[in-house]
Ligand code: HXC
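Next up: a single chain in structure tokens, the form predicted on its own.
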Amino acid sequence: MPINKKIRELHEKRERVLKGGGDKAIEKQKALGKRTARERILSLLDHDSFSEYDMFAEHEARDFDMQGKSLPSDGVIIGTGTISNAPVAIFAQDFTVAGGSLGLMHSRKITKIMDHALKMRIPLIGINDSGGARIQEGVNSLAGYGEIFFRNTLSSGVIPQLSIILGPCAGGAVYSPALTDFVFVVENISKMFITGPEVIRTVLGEEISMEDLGGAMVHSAITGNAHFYARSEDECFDQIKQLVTFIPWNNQNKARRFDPAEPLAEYNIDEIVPDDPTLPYDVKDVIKAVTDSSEFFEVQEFWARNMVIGFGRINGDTVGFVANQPMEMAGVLDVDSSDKAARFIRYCDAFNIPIITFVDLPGYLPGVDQEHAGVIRHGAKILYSYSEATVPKITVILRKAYGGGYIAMGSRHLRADFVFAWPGAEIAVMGPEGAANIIFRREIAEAEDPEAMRRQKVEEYKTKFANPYVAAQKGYVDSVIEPYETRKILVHAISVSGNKSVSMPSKKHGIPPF
């Protein structure tokens, strides 16, 4: 066959594949406000950087009228490209082809690009838009999911894994995103659930909409399964492009360094935290007062809001922030906030990102509900994560640091490299009010004016214990600093600890309190 005829044949085959499930299926996809799989890939990657693999792959199923039935690209697109000139591996399920259902060849294509990403040590991005397992292929579909889950686990902590939910992600399919580092969801488009509304109606007799069961905001604010929430696919892709600038390609590298920049003048760190320790403030303003260009890329903004986590830069270098949020529940540690912080700490540790901790909390949240929800087990996760982390760990106590909360939030006792405290910091076993009521109970009860005596004893306790100097005298705090000095000291601490090396006991792995 002449070469030009072979080329024409190639072009014809490509054209057939590029039509996916056909014009009607594509129109239906767009009517739902969704792009096609290839459009999504091209929108996310740098212009003209995508190289597609296995375009002509076909399933080998024979049962249920599948023999001879063509499913272009078997419903999933795979390849490599770049984002901001950084290489990535990517796959996108094509809902226009058999509902993006996962069969054996479909899973083989995904595992092929996953293996490629791990071998090349580049980030993996998965775009999920699938009705679930292809039931016509039976146990082969289940085997395919298992192979994907295994690779998610193998790659964990080695390369960044990002999951984008841009359609349904149901049944066993949800566990691959759950095993990855970051999950992105989009309003009115993303749906994640183990059992759908129909099953719940049949088994439990309850009516529930798909959105209320597993919509984008449900997983952003209630379950904590999603890390980033967007109102459109474009906003979602912008979030991914921004995230990629903060994280390294793999666990052997550090994140890309940017030119240093001063924080914006509008964030005056001396004026953010009120003198009155009972008044709240937004700890994100403190973070923005020390980061380059006051940029802070928050993770899990809507879940466990009493804890703030996310990325910023100090003097051009990426750092991870873990901070109590006094505006929400006084910044206490509870079941969800402990989980939120612990997982982020482990991510930063896996990918060589220094951790800066801002402390202001009254301790762990008391109450029967928390005890029964397992606050002991969940609270231990944050202790484990800080203790295990070997990246530079820098802690600044802004205000309150009471009881177990003081220990848990990156204290010297969990091997923080540097611990600083502001002059108004209160470091104690418990708050002055509660401590005075216990320690001086008899004196207060026997006083002519119990309330006046109680106030006096509270001040005595504050003077003797609830200040940063007792901890500083014992070396638990390296230095008491003024707020305006914070950024300068953070810059120095990160620079000094840049080549930090820690030897840990030899072991296969620890046993975290999962």
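The model shown is predicted, which means the values in this text are computed figures rather than measured ones. Start at 1 with the first residue shown and count on from there.
Beyond what is shown, the protein has a form predicted together with hexanoyl-coenzyme A (HXC); the following relates to that form.
Q) Is hexanoyl-coenzyme A (HXC) close enough to 99, 132 and 149 in the predicted bound form that each of the three has a heavy atom within 4.5 Å of it? A) Every residue of the spot touches hexanoyl-coenzyme A (HXC) in the predicted bound form.
Q. Hey, in the predicted bound form, is residue 170 touching hexanoyl-coenzyme A (HXC), heavy atoms inside 4.5 Å?
A. The answer is yes: residue 170 has a heavy atom within 4.5 Å of hexanoyl-coenzyme A (HXC).
Q.
How about residue 232 - does it come within 4.5 Å of hexanoyl-coenzyme A (HXC) in the predicted bound form, if we only consider non-hydrogen atoms?
A. No - in the predicted bound form, heavy atoms of residue 232 and hexanoyl-coenzyme A (HXC) never come within 4.5 Å of each other.
**Q.** Contact of residue 439 with hexanoyl-coenzyme A (HXC) in the predicted bound form (heavy atom, 4.5 Å)
**A.** Residue 439: no, not in contact with hexanoyl-coenzyme A (HXC) in the predicted bound form.
(Q) So in the predicted bound form, is hexanoyl-coenzyme A (HXC) close enough to residue 487 to count as touching (4.5 Å, heavy atoms)? (A) Flag for residue 487 set to no.
Q: Choose one stretch from 216-224, 91-99, 367-375, 333-341: the one whose residues place a heavy atom within 4.5 angstroms of hexanoyl-coenzyme A (HXC) in the predicted bound form.
A: It is 91-99 that comes within 4.5 Å of the partner.
(Q) Give me the residue from 329, 407, 179, 142 that has a heavy atom within 4.5 Å of hexanoyl-coenzyme A (HXC) in the predicted bound form. (A) Checked against the cut-off, the match is 142.
**Q.** The unique member of 272, 154, 350, 210 whose heavy atoms fall within 4.5 Å of hexanoyl-coenzyme A (HXC) in the predicted bound form
**A.** Going through each option in turn, the one that passes is 210.
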